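There is one chain below, alone, in C-alpha cells, taken in the form predicted on its own.
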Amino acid sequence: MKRVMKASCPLNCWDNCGFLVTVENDRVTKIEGDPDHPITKGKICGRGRMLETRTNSSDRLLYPLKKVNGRFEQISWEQALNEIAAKLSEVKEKYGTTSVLHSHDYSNNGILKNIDQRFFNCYGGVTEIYGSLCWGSGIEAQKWDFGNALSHEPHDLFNSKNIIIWGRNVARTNMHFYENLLKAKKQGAKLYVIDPLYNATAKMADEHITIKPGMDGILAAGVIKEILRLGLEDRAFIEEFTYGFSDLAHLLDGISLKKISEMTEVSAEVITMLARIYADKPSSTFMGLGMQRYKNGGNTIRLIDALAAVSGNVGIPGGGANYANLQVGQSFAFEELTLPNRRTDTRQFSIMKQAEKVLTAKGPEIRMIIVTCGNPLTQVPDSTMVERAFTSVETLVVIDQFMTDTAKLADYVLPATTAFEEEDFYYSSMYHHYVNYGPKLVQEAPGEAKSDLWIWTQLASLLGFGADFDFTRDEWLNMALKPLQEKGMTLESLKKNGTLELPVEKIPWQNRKFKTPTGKFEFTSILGQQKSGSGLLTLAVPDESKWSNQEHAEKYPYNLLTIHPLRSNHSQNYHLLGGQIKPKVEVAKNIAEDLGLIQGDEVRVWNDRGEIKGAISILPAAHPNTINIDEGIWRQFGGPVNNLTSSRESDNGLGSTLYDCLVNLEKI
C-alpha cells in the first residue's frame, strides 16, 4: 500500500522543512517538500532528500555490537544493556557519577532527543559538555548585549530597505531565506554581502564586500566610527535605550579609519559606504555562524550588534541584528523534560576542550564516555587529541545509525532508529518559529534498531529509576508542550495540522525592554563584567593572525575556513554520497598564482597540529590568502579537516575557534 504523509525534516539547520513522505510496503520511497508548510512551501534541499537514502541504506547499523579482542561481535540487546548498566553502576559506586562523560552534539533535532539529559540527571549527574562548536560565541554575545538572542520573523525581511548578509551563504544553508532575498530584491531592497568567499549569495548581491577572515568585528567598529563622524547615529535611541555608549566612543577614538582599513583589507571608501547604508533605515543584518568561530568571536558579534544599535536598526520593522532565535526553543518545558533537580553531582567540560579534559581530569578521572547525536572524532577540533582521549577510557559507548569514525573506536555500538521510524516534533532555533510534527512512518525499523528513548528507558529500568521513564510517547510530547497548552496549542492540533505557530516576538525589542541587568541595550555588558571581569567592547583580533603572532603568520601564511558541506549536515552523509570522495582544497586565486597551482593539483595542507591532502579548486574572487576545506569529511575519504583546527575556546568561553586557523600549503 502506498501512502503520502506529512512529516518533518529532523536536521537541526536553519530551515527545518515540512515534508511529504511516500511510504510503500513500510519503506520510505520518496521525500518531497510540503507545499502547505507556511515557511518552506514545498521546497527542500539535498540534505533533506538524502534522508531517504540514509533510512534505507544497507550500511545501517542493525544490531548491538561489542568489541572483543579488537573486533566487533553482534550481541543481543539484553546483553548490551545489562553490561552497560553494570558498568554504569560500577563506576558510580567506585568513582562517582561524574567519572562518566556524556559527549553529544546538536545536529540531530527532535524534542525527545533531550531525554538523554533526563537519564543522566536521574543517574545522579555526570560530566556534561557546555558551549557549542557551532554558534556558542554569538549566542553568549547577544545575551550580553540584548539579554537574549532573538531574530525577526522571516517575512519581516520585506520591510527592509537595505539587507546586509554578513558571513553567511544562505544559498547553501538557508534556501528559503535565499528565495525571500530574491523577492525582496525584486521589490526594491538593496542587498550587500560581506564575506571572504564569493559564494552563491554574493553573486546575487548588489555589492560583495570581501574581507580578511576574522576581521569582521574590526570592520563593524570602522562602520560605527564613520557613522559617528558623519553624524548619522540614532542619538535618541542611544541616549534613552542604551548603556555604556561612552565606552564604545572612547574605544573608537583610539584607532584611525586608515588602520581599520589596513587590518580588514576593506577600503575606507567601502567602510564609509556601509555607514551610509546602515543609516538609511530600515537596514537589517543577518549574521552567519562562521565569523564567531575565532578567539575574538564573541566580541565580533557584539560589535555588529553595536552597529545595529548605533544606527537605530534595533526593534524596528525591517531591522535587527539577526543571528539566532532562541525564543523558539524557549517555548518548551525543558526542565520538566530533563529534570535537572535530580542530579546530586555535576561537572562540566567545554565541548571544544573535552579531549584534553578527558586526558587530564582528576577527582574523578573519566572512566566511561557515552556518545549521543554526534561524531566527535570528526567534528571536535584537534582530531588527533580527540582520538587519544576517546581511546583512553575503560568503556566507550556510541549510539548511532552508522559506523562512524567515533563508533569504530567504541566498546559498544547501539543501533538507533531514523526520524521516520519514531514519533517526535521538530523546530529551528535560527530562522522560523513553526514547530513541525514528525509521525512514525515506518512501523518496523530494520534489524533491531531502537529509538534513543527506548534505550534510555531500558537502561533506567536496569539502574532502578525506571519510574521516571514510565510515560507513553504522547505523554512525553505533551510534557514538552505544557507551557503552550494554556494558549490553546495542543499536541492534537499539532498532529492534525502538521505545524504549530509559536507565540514569539516577531519584531524583537520593539518595546525597547531588553533582558539585560540595566533593561537597556548594553554596549558595556554588566553580564560580561560578572562572567569575565570586563564587559567592555574591544578591538580584538584572531589568535592566529599577523596582528597577534607575526612569526606564526609567516610560517603559516594562509587563513583556513572549514565551511558547511553542501549535501551533508556536518559529517552525516559523506558515506552515502557515492563516487570517489576526497577533500577539495579551495584556494584564492593569488595562492594558485604564487605557488604555480592549477585546477586538480594534489596538495598537502598543514600546520603544527596536523595535515590533510586534497585536490585544488581555484576560487577566482575569494579574499587573498584564503583557503576553504569543507568540514565533516570522514577518515576513509581523507578527512577530517579538524586535524588542522585548534581546540581553543572563544573569548567568552562558549564557542569554538575552528576558523582561527592558519596553514601552509604545498603541491605534492
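Predicted model, so just to flag it, every value in this text is computed and none were measured. All residue numbers are counted from 1 along the displayed sequence.
There is also a form predicted together with a small molecule; it is not shown, and the following applies to it.
*Asks:* Looking in the model of the complex, any heavy atom of His570 within 4.5 Å of the small molecule?
*Replies:* His570: contacts the small molecule in the model of the complex.
*Asks:* Are any of the heavy atoms in Asp34 no more than 4.5 Å from a heavy atom of the small molecule in the model of the complex?
*Replies:* Heavy-atom contact with the small molecule at 4.5 Å: absent for Asp34.
*Asks:* Although the small molecule is absent from this view, report whether Gln401 comes within 4.5 Å of it in the model of the complex, heavy atoms only.
*Replies:* Heavy-atom contact with the small molecule at 4.5 Å: present for Gln401.
*Asks:* Consider Cys13 of the chain shown here, and say whether it contacts the small molecule in the model of the complex, taking contact as heavy atoms within 4.5 Å.
*Replies:* Cys13: contacts the small molecule in the model of the complex.
*Asks:* Looking at Leu539, Ile238, Met430, Ile271, which is the one with a non-hydrogen atom within 4.5 Å of the small molecule in the model of the complex?
*Replies:* When the small molecule is considered in the model of the complex, the option within 4.5 Å is Met430.
*Asks:* Looking at Phe523, Phe390, Phe119, Trp166, which has any heavy atom no more than 4.5 Å from the small molecule in the model of the complex?
*Replies:* Flagged contact: Trp166.
*Asks:* With the small molecule left out here, work out from 306-314, 129-137, 74-82, 178-186 which stretch has heavy atoms within 4.5 Å of it in the model of the complex.
*Replies:* Contact-bearing stretch, as computed: 129-137.
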